[in-house]
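Given next, in structure tokens, is a single chain: the form predicted alone.
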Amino acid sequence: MKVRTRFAPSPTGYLHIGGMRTALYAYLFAKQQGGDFILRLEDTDRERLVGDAAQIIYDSMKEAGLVYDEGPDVGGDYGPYIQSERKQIYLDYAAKLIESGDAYYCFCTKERLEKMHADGATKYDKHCLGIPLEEAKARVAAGEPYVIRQNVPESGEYTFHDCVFGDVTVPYADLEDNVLIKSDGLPTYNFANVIDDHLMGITHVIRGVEYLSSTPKYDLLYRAFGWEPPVYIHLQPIMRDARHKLSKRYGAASYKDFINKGYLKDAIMNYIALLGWSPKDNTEKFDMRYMLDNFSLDGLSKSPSIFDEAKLRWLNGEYIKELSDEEFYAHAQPFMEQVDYLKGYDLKFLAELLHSRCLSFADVGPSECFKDMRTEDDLSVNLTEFLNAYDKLSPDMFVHAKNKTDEKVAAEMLPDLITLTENNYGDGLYPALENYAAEKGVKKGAVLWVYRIAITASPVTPGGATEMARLLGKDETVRRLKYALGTVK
């Protein structure tokens, strides 16, 4: 039997991190087994559809390296791969269930259902099950609104096997006669995924644990049609913390969000893989090839995973370190160009200075494309803030105990530093500052400290004093040295 897995998202927005993890695991498992990985769009919830969401899903999947063998945009032998294009298929199979008694027409109004629940009912009461089939068909033919519900047994229990949770038993009394076909003639997820999975030859279903307790309903449908159920693999959720699921409400929650926040796709996919799966050798940084070689179902966790952006930042930083300066600049440039106060600077040189310090490309500064994703617990740092905060320069910044500098020392040095800069700017500046320190009998570090504070108003910069001078340019460096002198006189 050839393994076939699927990923079936709803095109209702960006691809959530949890969805991308499901897709990743389904892709890895299929490819490990020499099987096929299928993309299918479940778009029957028409009210929540987002116009460009389908294209975002296609692009995100391919960018992340999850190349599907069949799908809406690439075709295949089992299409259409969009549910709304398969409407008649579902209606035909629903009709078979009605004839066999495994489903029935329901004519209950919205008002009756609301009253039923207001009176304390926790699930549908099978009110329409007793309507004779011929009468029900006549009411349908007369144009009366209806839905089709699954007929779930009222007593007994069902046991199935899950590759993560083992044998799971669910009493039928806990299950409701869910709607299979809605009043608009489109199927619900509960029905369409069973029909599609069977007709598309899906052998292994990988999905969220929220569907674990509903699995008996799906298997009842398989049995009603005389079909073999697939192998089930349910995944625990990804949490923001111990109590809250990761969601857009709390900031970035989609694959594209993290791309826009300056994370590399390889780092994102590496981290997503770790959210519910542990390699046997405890490796933390790995590529897709490693995942294909090492992924296993027995490494999947039975416990929810906590999304730790600090760890993602660390991991992303490890990937960034491996980039060449040219590659780093190519990634960082779009972010740098969105930072207003960086306009006019040599961005390529600035990128060289920032390369070893960035944990995400958003660290280059508050870019316009990133501002809407900043949250109170945002972890990005602004490594170029000194270029926009020079007005914060104050005399006390020159104090450094180890270098034995303070406001008075700065006042004595700065006139000479201005002259040295005017006469030696460029490659000769650093040797000139070294010679000056030797002539004055002071530590080189003291001279460089005063110089850097004077031109950046910051004790921490992505480069040394003369590198900052090169970045600022001769005229701006001299201007800032003169301004600094004015603050300590």
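For every residue, the number given is its place in the sequence shown, counted from 1. All values reported here derive from a predicted model rather than from experimental measurement.
What comes next is about the form predicted in complex with glutamic acid, which is not displayed.
At the 4.5 Å threshold, heavy atoms of residue 207 reach glutamic acid in the predicted bound form. At a distance threshold of 4.5 angstroms between non-hydrogen atoms, residue 488 is out of contact with glutamic acid in the predicted bound form.
Taking non-hydrogen atoms only, residue 9 approaches glutamic acid to within 4.5 angstroms in the predicted bound form.
Shown alone here, residue 45 lies farther than 4.5 Å from glutamic acid in the predicted bound form, counting heavy atoms only. Here the chain stands by itself, but in the predicted bound form one stretch of 280-288, 207-215, 398-406, 415-423, 207-215, has heavy atoms within 4.5 Å of glutamic acid. In summary, among the residues 227, 349, 189, 158, the only one with a non-hydrogen atom within 4.5 Å of glutamic acid in the predicted bound form is 189.
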